[in-house]
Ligand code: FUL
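The chain below stands alone, shown as structure tokens; this is the form predicted alone.
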């Protein structure tokens, strides 16, 4: 009887022991992933960081921001369209791709779509034989840039809009645009729709059908909308991401457009969101999205663009900067010159990383093993990282530079393939005696990349304090710079 009871107790304990074994990790093993995680495509997208938006269409020639679909297609007639010039400009500016407004809300298609009668085929440009998507996709491939498309579901020209039949029309449009021009890295889908109060038709969109169609043609594509699923809108068009910016989001009960989450949720994400949907910040280099001669003297300054860089890429978001081609079909010289100046300002700000392998970097909260050493944050390799021991939700990384240095920027990255973890951190610098520590700056989330700006500090010793985390911190890199601009 005693033997039987012992066997029964062992049988009851076995599932518990298996569970404990699965949950516990040896301290020299890699940390277990935490929460929602990026796909390989999302990680590659995040590493692109900065790319061009190109608003181009009939609005370029009518000097309006939102056409109504009643414009004569013959108004679209660029005199010197050169997509290679767009691509070479983007490349020289340090951008990694171009997303073109292939179809805006007016319904005009920049390719000769078989599902519309409001396209370049009906325009005067090249006698109706032109195809902007063919030209731009080829130019991007030649320049080594990624190619993306914006195709608005709202169509103020198509006669089927407002009826159930339109959803299949739009799916066919997506199928055509995504199936004939090679790889597409991002599909921009906003939730724009007609407003019944303005006498406009309203469409009940079939988002499931749209997503299925997109993925059937481009399986690795990133779909942008208010709620992803690939990346999300930041909630404003000013170029400003939330100071707290989680790459996770809860999407149940929401849809793009008027049914999207509140603006503050889009800006900050959800701390414990169930889906990995990082933020993309879109902003125009000009006051409007489409080119207008009246804004030639209103192109954003280098200082404004640098500030946008810090509040977008520097806050765990990608930057989609709109640079609208002019009526010739070329990037305007004022815009291209400003882009080069912006690139030079970034290169100057981040030219000399003070935190190199010559610095001494350590942490008392490190996991065992060289694979997780704090020195990994200074090796320039994103895929090596420092990791805290299991259960350590706070930690300190101690840094001793080879000699005193002056700095005013900290760039820090989490290793997001294992999840986003840090909820708060700060920097302290030691005084000349090395006995007293002074606060320098603080932040909340980190994510793929966070850049803190602060007044210049001169020190040889500093420390990064992780003061809050949802799981053991995993930091890929940290860099120190002095931006003199």
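Numbering follows the first chain given and starts at 1. Treat the numbers as computed from the prediction; the structure is a model and nothing was measured.
Here the subject shifts to the form predicted together with beta-L-fucopyranose (FUL), a form of this protein not shown in this document.
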* Could you tell me which one of 398, 176, 82, 190 places a heavy atom within 4.5 Å of beta-L-fucopyranose (FUL) in the predicted complex? => 190
* Asked: Which one of 347, 237, 264, 72 is close to beta-L-fucopyranose (FUL) in the predicted complex, taking close to mean a heavy atom within 4.5 Å?
  -> 237
* Just one of 124-132, 352-360, 210-218, 100-108 has heavy atoms within 4.5 Å of beta-L-fucopyranose (FUL) in the predicted complex; which? -> 100-108
* Is residue 66 close enough to touch beta-L-fucopyranose (FUL) in the predicted complex, meaning at least one heavy atom pair within 4.5 Å? -> yes
* Though only this chain appears here, would residue 335 touch beta-L-fucopyranose (FUL) in the predicted complex if you measure heavy atom gaps against 4.5 Å? -> no
* Asked: Going by a heavy atom distance of 4.5 Å, is residue 289 a contact of beta-L-fucopyranose (FUL) in the predicted complex?
  -> yes
* **Any non-hydrogen atom of residue 150 within 4.5 angstroms of beta-L-fucopyranose (FUL) in the predicted complex** => yes
* Which residues in 421-441 have a heavy atom within 4.5 Å of beta-L-fucopyranose (FUL) in the predicted complex? -> none
